[in-house]
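Encoded as structure tokens, the following chain is the form predicted on its own, with no partner shown.
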């Protein structure tokens, strides 16, 4: 009797195992043997479905970014609230920040993934439009303002005094 593989279920297991592995060890430190073992499949499936360990990492990162973009859409008319919601998501899903950090460490600080770049471009455009329409101040250009807001939302990972309330208050002050 032949074993019937469920391609999508196997891919989902590999992606889940890869998320944990890459978040903990980065691209260079991750091992396909551990990913395959945790997913309960042969490591050949990684190469069959994703091509390479690096391509698997890129797919994991793309999925995590897409989840955050969907869960926390940009709200240029409420950037303090947006920063607070990002803070919440990063608290609940710290793997994304680990993945992004490893991506930059292993590819250079200027390197960004295509998924990250696409999401960033859309957010900058939304902030720029809000600035043109007078909803947001123009003290910073749209890219600078978005970078400040996003990085304030990451405060919890760099200082123990950071809270959601602090992030929201700091972004509100930035805009006043």
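Positions refer to the first chain, counted from 1. Just so we're on the same page, rigid core means the largest C-alpha set that superposes within 1.5 Å between forms. Fair warning: this is a prediction, and the values are worked out from it, not measured in the lab.
What follows is about the form predicted in complex with another copy of the chain, which we do not show.
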Revision key, fill the gap. Note: another copy of the chain not shown here; in the model of the complex, the stretch from 143-151, 127-135, 61-69, 40-48 having heavy atoms within 4.5 Å of it is 143-151
Point to revise | Contact flag, residue 106 vs another copy of the chain in the model of the complex, heavy atom cut 4.5 Å | key: yes
Review point. Is the gap between residue 13 and another copy of the chain in the model of the complex 4.5 Å or less for some heavy atom pair?
Key: no
Point to revise | 4.5 Å heavy atom contact, residue 155 to another copy of the chain in the model of the complex | key: yes
Exercise for review: Answer yes if any heavy atom of residue 102 is within 4.5 Å of a heavy atom of another copy of the chain in the model of the complex; otherwise answer no.
Suggested key: yes
Review point. Quick one: which residues from 20-56 get a non-hydrogen atom within 4.5 Å of another copy of the chain in the model of the complex?
Key: 24, 28, 29
Practice item. Look at residue 162 and decide if its Cα position differs by 2 Å or more between this form and the one not shown after superposing on the rigid core. Key: yes
